[in-house]
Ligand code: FHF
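The chain below stands alone and is given in structure tokens; this is the form predicted alone.
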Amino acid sequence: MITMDTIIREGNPTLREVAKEVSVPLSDEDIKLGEEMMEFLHNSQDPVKAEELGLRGGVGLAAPQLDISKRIIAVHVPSGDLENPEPTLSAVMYNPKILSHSVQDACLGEGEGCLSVDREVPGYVVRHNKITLSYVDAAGVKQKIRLKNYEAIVVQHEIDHLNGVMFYDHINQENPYALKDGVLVIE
């Protein structure tokens, strides 16, 4: 079971490496890793389990954060709608790749955080508002989806981990809250 002790922190060189693609058909080991990553996200979002296991809440996790340099991410974005509690996005993605993106950029009004970063880093993290991506699912089937707003930002954050990029690399160091005209701020 993945816990906060399993997750490596900033400074570990694996977080700055470009991860390797996984081979398809997927190995049992890679499928199991994806399942464990998703289990962590579910546990981290369950208030009782999170407290019991000492987990910080997360909506995404990338294999490099577990010191495994493979192109695997898990995302589980809960619904904010009590009448429709289904998650807005829940998937384990093998070899995810952004195929295209919008000209429109966006950022989260509260900034971003990361399970591998034990400090608050203030500032806007500007990303693409809409993306089209392909990935292989756990059944070995190639998928293609379009995402926008929060879900697109979550996936871009996780794909950054596969490329050795941390969220704060996107923050303007001289003026962390500077934004170009037209950037959508998602609250």
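For every residue, the number given is its place in the sequence shown, counted from 1. In this text, all values refer to a predicted model and were calculated from it rather than measured experimentally.
Beyond the structure shown, there is the form predicted together with this ligand, which is absent from this document and is the topic of what follows.
The site on the displayed chain is open: this ligand, placed by C-alpha superposition from its pose in the predicted bound form, has no atom within 2.4 Å of a backbone or C-beta atom. Using a 4.5 Å cutoff between non-hydrogen atoms, Ser69 does not count as a contact of this ligand in the predicted bound form.
Not displayed here, this ligand is kept clear of Pro122 by more than 4.5 Å at the level of heavy atoms in the predicted bound form. This ligand in the predicted bound form is not approached by Tyr135, whose heavy atoms all lie more than 4.5 angstroms from it. Although the partner is absent here, Leu108 lies within 4.5 Å of this ligand in the predicted bound form, judged by heavy atoms. Only one of the listed residues (Met37, Leu162, Val154, Ile131) places a non-hydrogen atom within 4.5 angstroms of this ligand in the predicted bound form, and that residue is Val154. Annotation for 71-85: the only interface residue with this ligand in the predicted bound form is Pro78 [heavy atom within 4.5 Å].
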